[in-house]
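Single chain ahead, written as structure tokens, the form predicted on its own.
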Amino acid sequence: MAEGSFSVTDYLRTRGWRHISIFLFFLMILAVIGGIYYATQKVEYTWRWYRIPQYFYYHDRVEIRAEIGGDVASLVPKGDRVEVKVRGADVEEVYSVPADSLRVSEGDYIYPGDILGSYQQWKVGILLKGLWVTLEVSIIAVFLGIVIGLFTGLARISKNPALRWTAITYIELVRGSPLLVQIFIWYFVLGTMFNTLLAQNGMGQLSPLWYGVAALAVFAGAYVAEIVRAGIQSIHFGQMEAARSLGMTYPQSMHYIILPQAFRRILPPLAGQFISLIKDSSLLGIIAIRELTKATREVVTSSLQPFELWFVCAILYLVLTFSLSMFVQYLERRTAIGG
């Protein structure tokens, strides 16, 4: 056999090691799971996974209550429902109540708030609501962070001292202080001042959600600005000179020549920054935003199921970050093909 050729024996040996590696991987996973289960048995913890679905979607009993006091004037059957007419002193109300849950009879006197009947309705659970808030906050903050970071990154390399120094000041201030402190400043300081001004002018106040979004967007924008700056400066300056020599203006050169190339280089670090942003959104629970972590903490407090719920919380964050990672990899393939 010629030197450097790949024999059948080598091929089988390679496949054998590959299968052994896969087996060892799953064995390690099972060992970790088994170790966690064994530890919970030692602390006498009872796993109740069957109770988890109700925190995503559950069947709730909704009560139909009278809004006025008076006599039940009539009960009119309408298929599987009954129209209950309540006649008060100078007003009448009609309620549609499922026949199998009707609690009143014709001629009864009822008071405001009395239960006439009830029905079952599917409702969204607290974990699904928290997941939606996390997704909403993250999407808005990512979009604003891109806009802020792009303009700040361009200002960072501008020849205009005012723009450059402003960008540097913003980047250093934001990157030099913890996100938790910035959230406090946005909510307790800036939020209080801004809502007070709105109230004095007869306008509605902004909810904590928007101050949380602002804190995340400004925080992400500083890091995106440095990523954009590094990406632009990684493109050889000769390409800018060539574009200008062809008669393009500086904005045109940036738009058509520099930024498309820089985008391909900055996509991976941008993805890492936005994945971190999704996880950083868990800090918003400290300003009364019921995102996923705060929702999980509330359920743990009421149900006393910390193990199952925190595992579920971690898996939900993993789903969000993994989905974003897959989307970025798709963009990388598309831009590579387009290039």
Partner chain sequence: MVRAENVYKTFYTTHKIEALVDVSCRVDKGEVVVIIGPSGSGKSTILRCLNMLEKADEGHIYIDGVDILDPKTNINKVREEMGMVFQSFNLFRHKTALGNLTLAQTVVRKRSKKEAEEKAMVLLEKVGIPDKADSYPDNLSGGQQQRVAIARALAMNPKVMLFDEPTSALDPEMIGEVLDVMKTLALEGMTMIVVTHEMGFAREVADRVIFMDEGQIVEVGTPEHFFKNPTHDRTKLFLSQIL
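Keep in mind it's a predicted model, so treat the numbers as computed, not measured. Positions refer to the first chain, counted from 1.
The next section is about a form of this same protein that is not shown, the form predicted together with the partner chain.
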query	finding
Interface stretch in the model of the complex with the partner chain - options 79-87, 181-189, 207-215, 233-241, non-hydrogen atom within 4.5 Å	233-241
Distance check, residue 201 to the partner chain in the model of the complex, heavy atom within 4.5 Å	no
The partner chain contact in the model of the complex: residue 256, any heavy atom under 4.5 Å	yes
The partner chain contact at residue 166 in the model of the complex, heavy atom, 4.5 Å	no
Contact label in the model of the complex: residue 161 to the partner chain, heavy atom within 4.5 Å	no
99, 246, 173, 115 - the one with a heavy atom within 4.5 Å of the partner chain in the model of the complex	246
Heavy atom within 4.5 Å of the partner chain in the model of the complex - residue from 121, 177, 196, 252	252
Those residues of 261-287 which, in the model of the complex, come within 4.5 Å of the partner chain by heavy atom	261, 265
